[in-house]
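Here's a solo chain for you in structure tokens, the form predicted on its own.
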Amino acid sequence: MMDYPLTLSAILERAGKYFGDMEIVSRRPDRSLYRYTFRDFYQRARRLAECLTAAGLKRGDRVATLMWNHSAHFEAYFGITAAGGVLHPLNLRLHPDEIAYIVNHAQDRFLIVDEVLLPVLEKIESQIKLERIFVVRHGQPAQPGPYEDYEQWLQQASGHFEPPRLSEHDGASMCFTSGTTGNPKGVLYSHRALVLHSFMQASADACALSQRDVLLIGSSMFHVNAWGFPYTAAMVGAKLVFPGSQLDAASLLELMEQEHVTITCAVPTVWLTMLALLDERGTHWKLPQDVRILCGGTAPPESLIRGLDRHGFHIIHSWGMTETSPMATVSRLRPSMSTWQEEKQYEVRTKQGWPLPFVDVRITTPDGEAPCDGTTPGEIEVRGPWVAAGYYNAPASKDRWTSDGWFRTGDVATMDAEGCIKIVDRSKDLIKSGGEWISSADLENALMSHPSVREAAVIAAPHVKWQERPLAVVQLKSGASATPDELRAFLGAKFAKWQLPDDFVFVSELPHTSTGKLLKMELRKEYANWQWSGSDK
């Protein structure tokens, strides 16, 4: 067989050659829609590659982006890598000190930034050292200032770019973990890993993405490469819709209606908000039917899956991490399950599902590999061609990998006899009460099926007698009401009495990480000295 390198450059060339007329729609900051084609994208990505090469970019150099979801960011995904550089999307929602740390740790040389995000740059500029900064103005004329204009820069290209010969093992993109424990850590993805991930993502039993689809990318393009969708869409020629910075439910629904979206992706917090809006005034939009939603980040509760089903939105639950590029498992009903009762089908859809091809998964305990009985919990360990083998320039973190090459995820799960995975919790989020383990994730999912609850977090709070007890922090739906006794009775139908939260706290909003995950670390700090109600607790 030929030794043909698996590179993103091959995907770029394919997109320009075979899908030139396919449309790309991008919402600008003023909410106007910018439309162009894959042919335009192909030419502009190559111009970007030529300009970077002329600027002195060397193979493996990092080029940072500080941008929302739009066409120029899409160009950077392929133009930077075509020049031999490494795309480094910066998480604009992080604290400025964290962003500065990440830029310095990655040793970024250049930055492409949205004009609307210049205030973020100004907060970190004194802490970082970049050679050149280019500003994307989204159709607005260039303004005098200390930075270069992106459009004027691209106009300097001749249009005759000669791409370097790349290895499939070269770095193509770099993303950093959220840094919930210690400093954020970088994962350097190879061309090979991203291409293989794209093949898998397009497969029928994963997302079934094809040129017949209209894909709205709702997951942030700075979060694990927008879950790999920009690469996969270019490979198969799917029409792309970018929402810009307008990621609120009403704006997304408007785009779905206008562009006839068939598949989209985002974290559960986005869909919780959208479900509330659909239930309130769903007839306001004439929406496509049977829209597929890839949902990850945290597990979507059963109530969310059921609720969106009512409106023709079908959640595909996937699990993964920054370290797994990110898709590692997907939960899609098997043919043998089509005749199952509805309750049992929804139970499967809330699980993390089955490992994707070439991803090996095992569940381990201190005593060795856990039995596949669906009840014995242990830590998920993974390996595969798009799983990281180490963090970028972080030798102190090598203990996250076993001596035989498996990545320790920190997620605790069970696996049944058919290989289906159900995450019980993050290892640090399990509650150990009187020597018995309680799953906060199971309690949270159950709470969010209550008609009055919008979102819930269950944390371990210190307890004099039991060491730890579950404390539920609950956000109710607008205009709804519920009492602790009512919620405790509701949970009592599914859980033993000793597993139920002893207390409930009602809040107007729950804290989330920059990527939409519940920020339990903040809740544990806030309620570290919780005074339990009742002397018999």
Ligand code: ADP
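Bear in mind that the values here come from a model prediction, so they are computed numbers and not experimental data. Start at 1 with the first residue shown and count on from there.
One more form of this protein exists, namely the form predicted together with adenosine-5'-diphosphate (ADP); it is left out here, but the text below deals with it.
Student: How about residue 317 - does it come within 4.5 Å of adenosine-5'-diphosphate (ADP) in the predicted complex, if we only consider non-hydrogen atoms?
Tutor: Yes - in the predicted complex, heavy atoms of residue 317 and adenosine-5'-diphosphate (ADP) come within 4.5 Å of each other.
Student: Taking heavy atoms only, is residue 359 within 4.5 angstroms of adenosine-5'-diphosphate (ADP) in the predicted complex?
Tutor: Answer no; every heavy atom of residue 359 is more than 4.5 Å from adenosine-5'-diphosphate (ADP) in the predicted complex.
Student: Is residue 227 part of the interface with adenosine-5'-diphosphate (ADP) in the predicted complex - any heavy atom within 4.5 Å?
Tutor: Output for residue 227 is yes: heavy atoms within 4.5 Å of adenosine-5'-diphosphate (ADP).
Student: Does residue 238 reach adenosine-5'-diphosphate (ADP) in the predicted complex if we count a contact as any heavy atom within 4.5 Å?
Tutor: Residue 238: no contact with adenosine-5'-diphosphate (ADP) in the predicted complex.
Student: Okay, which stretch from 322 to 330, 462 to 470, 207 to 215, 247 to 255 lines adenosine-5'-diphosphate (ADP) in the predicted complex, with non-hydrogen atoms inside 4.5 Å?
Tutor: That would be stretch 322 to 330.
Student: With adenosine-5'-diphosphate (ADP) left out of view, which of 445, 262, 71, 352 would have a heavy atom within 4.5 Å of it in the predicted complex?
Tutor: That would be 352.
Student: Going by heavy atom distances of 4.5 angstroms or less, which of 299, 291, 453, 388 would be at the interface with adenosine-5'-diphosphate (ADP) in the predicted complex?
Tutor: Contact residue from the list: 299.
Student: For the spot marked by 59, 191 and 234, is every residue within 4.5 Å of adenosine-5'-diphosphate (ADP) in the predicted complex through some heavy atom?
Tutor: No residue of the spot touches adenosine-5'-diphosphate (ADP) in the predicted complex.
Student: At 4.5 Å, heavy atom to heavy atom, what parts of 201 to 223 sit next to adenosine-5'-diphosphate (ADP) in the predicted complex? List them in sequence order, or say none.
Tutor: Contacts from 201 to 223: just 223.
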